[in-house]
Ligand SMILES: NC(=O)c1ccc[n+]([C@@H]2O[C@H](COP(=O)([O-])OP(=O)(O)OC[C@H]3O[C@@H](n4cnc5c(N)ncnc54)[C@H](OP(=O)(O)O)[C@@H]3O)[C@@H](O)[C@H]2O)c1
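We begin with a single chain expressed as structure tokens, specifically the form predicted alone.
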Amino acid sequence: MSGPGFAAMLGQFDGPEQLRLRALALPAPRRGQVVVRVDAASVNPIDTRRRAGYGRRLMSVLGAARLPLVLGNDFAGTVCAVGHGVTAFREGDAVFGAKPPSSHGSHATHVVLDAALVLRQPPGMRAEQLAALPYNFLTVARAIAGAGITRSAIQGREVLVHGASGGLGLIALRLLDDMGACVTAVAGARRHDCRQAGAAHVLDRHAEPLRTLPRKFAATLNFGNWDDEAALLRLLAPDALGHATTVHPLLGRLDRAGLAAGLAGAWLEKRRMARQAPPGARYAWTVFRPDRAALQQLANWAPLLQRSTTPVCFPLAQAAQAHLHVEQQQPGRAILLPHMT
């Protein structure tokens, strides 16, 4: 490694104007780690929320809320340093992956992380396409598993995906379609994208309320709105596999009430909702967590999933504009290009 590094650093929790381009001490890899020169990193909705202070109590426990803070999980780039014990990669390898929540995220020219969370880039894909995938794919994969969905159990059965036109929803549609499920997508916009992603039925959530749908689904996934959680659980068939949600109130409760009271309140809320599911059905609250096995699945899925993303690129110095792009729900995935001038 040579030359200075830079990062979009957050000096205090607040609006996007708090993001500043600052010099970054180039990291050295420890045993089992690699340093990646970041060519592209995505800005996800969780980044904009963390920037404003969301999840700070839990992130502090995880050591992921220290200021100045560098956000970001997804990345694509090139290995530029290898720690002891790493044999799968060498300098110059083109890679991508996802870093766990930390205070030293991927919105920087360089990122250091465990080599187990790094994959070789599949041929024919650009860095900005790959950087849009890991966080969403890993979150969806955990939601699908949390709902008890497997290929053998779901084939030929009906699944409902709420919030289907977002980044998580479109990936879920493709995965479920490949599993042989008959998928109903509930979306407010981009319904044509849902059909292209494999949905057998696409419903306008404004014109067809959830309460009007039949109780027939083997599984339901909520990527849309916590306020719809109970309505989605009522759509599960008596022999349903289960339900998973990514829009649960866990982090919000911790922020408001503190760790002990927040965890207790979240447990009670989760238990209350779980009782509304049919007997034997699973009920899961999903959070992002990097997983080597799921990342290996992503390596095979990446060429197909790129169709679900349209990158909108920003230099690292314009991280604030990228955050606004996400907060205003503008079309396309916001991607930071750290070496773009």
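Residue numbers here begin at 1 and follow the sequence given. Not measured: the values here are computed from a predicted model.
This next part talks about the form predicted in complex with the ligand, which is not shown.
So which stretch, 310-318, 43-51, 271-279, 64-72, is the one near the ligand in the predicted complex (non-hydrogen atoms, 4.5 Å)?
-> Correct option: 43-51.
Answer with one of 114, 177, 228, 158: the residue that has a non-hydrogen atom within 4.5 Å of the ligand in the predicted complex.
-> By the 4.5 Å criterion, the partner-contacting residue is 228.
In the predicted complex, the residue from 94, 82, 237, 247 that sits within 4.5 Å of the ligand by heavy atoms | The residue from 94, 82, 237, 247 that makes the contact is 247.
Would residue 333 count as a contact of the ligand in the predicted complex, using a 4.5 angstroms cut-off between non-hydrogen atoms?
-> Yes - in the predicted complex, heavy atoms of residue 333 and the ligand come within 4.5 Å of each other.
Flag residue 110 as yes or no: does it have a non-hydrogen atom within 4.5 angstroms of any non-hydrogen atom of the ligand in the predicted complex?
-> Contact with the ligand, no.
Distance check, residue 187 to the ligand in the predicted complex, heavy atom within 4.5 Å | Because a heavy atom of residue 187 falls inside 4.5 Å of the ligand in the predicted complex, the answer is yes.
Consider residue 287 of the chain shown here, and say whether it contacts the ligand in the predicted complex, taking contact as heavy atoms within 4.5 Å.
-> Although the ligand is absent here, residue 287 would touch it in the predicted complex, with heavy atoms inside 4.5 Å.
So which bits of 125-154 sit within 4.5 Å of the ligand in the predicted complex, heavy atoms only?
-> Contacts from 125-154: 135, 136, 139.
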